[in-house]
Structure formats: structure tokens, C-alpha cells
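Quick heads-up: it's one chain on its own, the form predicted on its own, in C-alpha cells.
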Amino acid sequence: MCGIAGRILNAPGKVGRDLVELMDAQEHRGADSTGFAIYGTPRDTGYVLRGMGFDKAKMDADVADLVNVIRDHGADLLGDPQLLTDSAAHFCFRMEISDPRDLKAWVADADTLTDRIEIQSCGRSLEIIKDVGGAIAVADKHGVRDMEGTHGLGHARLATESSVLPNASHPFWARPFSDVAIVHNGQITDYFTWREKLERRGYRFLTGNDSELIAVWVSDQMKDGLTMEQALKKSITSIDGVFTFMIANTDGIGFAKDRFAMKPLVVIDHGGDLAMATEEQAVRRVFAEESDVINYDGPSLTGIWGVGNLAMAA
């Protein structure tokens, strides 16, 4: 039932604002939580971290422990962490850090704290913002409308099999691959089979949400030498279930639809200025003028949209 969306601008701009519109239009598909993946201007060095802690009464101590892990790996804060709390038990954070010696090793050590504090995105460009509630509530709390960039993803979630907490919500970061995020509508029926295989390859999953697995699966295929296009096509025959997913990196957004074509996807493309969503009425929030809508309604479909209408790099 969940709703997904993507947005690509021809030039950097208020991509956060447009994603809020796309997700507000689809809130009826799931208002347990809403999330956004925003791709801003890539930095040459350093990373932005976004995440949450599970007990705001212990916020200072838990953030301090995360900072100690960062410093143990040769990195440091590039400014004061931004901490956000409300009436909920959890808290959210944003921090900028310098480059650790080994990103994968640092992520593994940081993940030892996940019973208390969890990193939800790590990127030179990517920032994932997700929280409980609908699009407007999450946007107001986190300032999403003011976030600028070239492209991004959105998700409205109806929690069916895992926690409603933001850490079980979309978008998911493809841990530990920098700057890769995914949104997904559907269900993976061989989730536990693939999870076991990927865990044997050294990957760690922090939730029971099947969407988290897809992000890592695609990234692992590319790590082994496939292009993004090849990995997307392989997902159709390798992963069982009903699904439409969009996966993004710093270069653009790719998508895949399963063999049964049960989960819709529509797109408006104005010369590389694109909006994609589960429902047509959502993309028309962004393009109010008369526009041709492309309905990707067939089975086993894949595609890639690059920023600036360029081919998306592998």
C-alpha cells in the first residue's frame, strides 16, 4: 500500500519542497511514517550523517559515544552536532565528519551502538530524513522544504510487518555503501533467504524490513562488477515478490518492477526535469500544467534517469 516518489531537477534547487508535495499527495497510502532522501551538492571530502537515538534522556551520553567511535577511526566532527527532540522518546541528529581511515570499518564499529543510537545515512551528498507521521508533519519538524539539491526520493509508509519507529522506515541507506538510498513498494517473499546470503558476505541489517535488503543487494551486485542497469535487470529474475523500487546515488535514480507488475509507477519528464510516483495525482502536484504522463505498467521493467539527463554512472 505504501507510496513512493522521486524527483530530479535540471539544476540544483528546492528538491525537498517538491518531494514534500509528492508525499503529501500520497499520505493516504500510509501515514505511519514519512521519509525523504535528499541529494545536495557533493562535498569533496567528509560525510554528512543522519540518524536517530532511541532514548532522549540519554542523548548526550549516546552522542558522545558515537563521536568517540568517529575519532577512533581517524575522523572528527566538522561542527557541533544538530540534535532534534520532541515529545517522542527518540531523538534525531545530523552531524558532519571528516573522512575516517576506512569507511566500512568505521560503519561496522558505529553499528555496535545500534541498541542506543543508529546512523540512517552516510554520504558526501545524501541525507536521509525520516520520522513518524505524515509528510507535512515530518517536513515541518526537519525543515525538509528548505533542503536544496539535484534529486531525491520520498516514501509514505503503512507499517505491515515491522516497527513504526523511524529506523524501520524508508528510505533506507545501503549500509555501508556511501550515498545509496532506496524506496520500495511491495513485499520480498524470499527476504530471509537473501538476508542470510548477504550476512554471510559480511553485511549487517538493522531492521526486519525487506526494503533494507534490496538496497544492499543492488549495491553488492555493483560491487561485484555489474553496472546499475545490469543489477536492476538481474533483480527482476533473482528476487521473488511483488515490488516496484527506486534506488538512487549521486548520479541519479534507477527503478525496477517485478514480473507481475502489481505496483504502479508513473512519470512526468520535461526534458530531464522529472517527477515519479506511485500515483498520477502526485506527479501533477509538481507539474500542474498539462503534461504527458508515462505509465510504467508492464512487467519486468527497469530504467535509469540521470541528473542533467545524463546516463547514470555505475
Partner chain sequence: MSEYVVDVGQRHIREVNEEIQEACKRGDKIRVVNTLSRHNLGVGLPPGADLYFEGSVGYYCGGLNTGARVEVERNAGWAVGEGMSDGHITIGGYAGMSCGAAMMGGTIHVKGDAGPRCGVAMKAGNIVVEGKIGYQSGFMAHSGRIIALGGAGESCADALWAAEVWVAGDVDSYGVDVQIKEPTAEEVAEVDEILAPLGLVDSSRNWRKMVSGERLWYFESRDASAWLMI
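Residue numbers count along the first chain shown, from 1. As the structure is a prediction and not an experimental result, all values here were calculated from the model.
There is also a form predicted in complex with its partner chain; it is not shown, and the following applies to it.
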Triple contact flag H28, F260 and V293 to its partner chain in the model of the complex, non-hydrogen atom at 4.5 angstroms: yes
The single option of E279, D32, D273, D62 touching its partner chain in the model of the complex, heavy atom within 4.5 Å: E279
Listed range touching its partner chain, judged in the model of the complex by heavy atoms within 4.5 Å, from 248 to 256, 44 to 52, 261 to 269, 66 to 74: 261 to 269
Non-hydrogen atom contact P299 with its partner chain in the model of the complex at 4.5 angstroms: yes
Distance check, R284 to its partner chain in the model of the complex, heavy atom within 4.5 Å: yes
